[in-house]
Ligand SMILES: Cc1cc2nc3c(=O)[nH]c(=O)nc-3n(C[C@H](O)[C@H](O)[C@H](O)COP(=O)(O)OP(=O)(O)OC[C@H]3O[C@@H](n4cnc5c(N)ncnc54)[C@H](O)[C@@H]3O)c2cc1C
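Form predicted alone, single chain, as structure tokens, below.
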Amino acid sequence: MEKILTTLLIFSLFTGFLAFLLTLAKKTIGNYGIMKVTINEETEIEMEGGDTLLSGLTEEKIFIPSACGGKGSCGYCKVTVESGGGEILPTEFGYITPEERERGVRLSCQLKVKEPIAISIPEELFNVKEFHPTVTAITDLTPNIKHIFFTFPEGEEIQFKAGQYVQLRAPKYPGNHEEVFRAYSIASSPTEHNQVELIIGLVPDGICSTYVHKHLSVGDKVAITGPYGDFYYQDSAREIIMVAAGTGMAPILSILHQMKAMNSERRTLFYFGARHEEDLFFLERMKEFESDLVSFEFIPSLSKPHNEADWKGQLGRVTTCLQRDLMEPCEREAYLCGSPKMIDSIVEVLIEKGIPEEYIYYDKFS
């Protein structure tokens, strides 16, 4: 017993000494002082030297997208470094293309500011804000998908484009010891400024989706930042092809709300892919859009219906439907939301059907 206690004492002293050395190093070797960060050649902020650029910008209420909470695993938090910043790190290689590297693109969560630095970010990020809405309704759309309403406090409003997304923060909860942000497309109308609707699917072992499905309740206050994203409705005269699966319906819903508010008469086909009948949702809402929008048609397609004889809709994958339906040459544009594999296969079909790639807008999510 005495030997065990002696060993524990030595181990405690050793770890305590290491902690002291780390603290001392941070205050001496790692103390870079206050550093200046110049943004878009006109805005200047100061931040603690040695901190990551992402954390310094967040402290100044400049919110760069970051779904992984700054761990370097999502690749969202890209900025362009004009000067300073040092060499790109190995942890960034998997998320930055050679072309981006040439332009000075970096992951702000990996870049530690140890010298004055100048960066460029999209101007719209200056309009991104942090909100603290209250959960006012939660509905089960399917066994694994929830529809949540978040209402902002009086006097607090959000301005967004149909198709954009926000980031929801999952706090620490039993089984999760870290705060993380995850990106979710807004499903509500951009004409509504005092609330947002999100459609969130349960991801196995997903930190934020588990929080939403297992812990979030009506009346809870949450933290949301946004809006983000360059996937949004384009006002033109082209015929529209929409394609989504699962929670990918969210930004398409927002776009449909926008079109309804505009009394749009654009010919619009919305292909929604699912496996089984129980994976379909908002069917009544789609009928309402078909009534409100004179040239809108909702086309659900099941790849594995439980009872094929009773299913009256399309059969097969959405790509099969597109191959069959898009026969006549026409000026079209497309809005797609789904997994990377799904998006890539659909883009290939649409290009084959004569839609120029520059008119194919998509939002990929994992």
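Being a predicted model, the structure only gives us computed values, none of them experimental. Sequential numbering from 1, following the sequence displayed.
If you look for the form predicted in complex with the ligand, you will not find it shown, but the lines that follow are about it.
- Only one of the listed residues (84, 190, 227, 201) places a non-hydrogen atom within 4.5 angstroms of the ligand in the predicted complex, and that residue is 201.
- Checking 162, 241, 250, 196 against the ligand in the predicted complex, a heavy atom within 4.5 Å turns up for just one residue: 250.
- The candidate spot formed by 67, 182 and 209 is fully in contact with the ligand in the predicted complex: every one of the three has a heavy atom within 4.5 Å.
- Contact annotation for residue 233: none of its heavy atoms lies within 4.5 Å of the ligand in the predicted complex.
- Among heavy atoms of residue 296, none comes within 4.5 Å of the ligand in the predicted complex.
- Within this chain, residue 169 is remote from the site of the ligand in the predicted complex, having no heavy atom within 4.5 Å.
- Contact annotation for residue 275: none of its heavy atoms lies within 4.5 Å of the ligand in the predicted complex.
- Contact with the ligand in the predicted complex, judged as any non-hydrogen atom within 4.5 angstroms, is confined among 217 to 225, 242 to 250, 280 to 288, 120 to 128 to 242 to 250.
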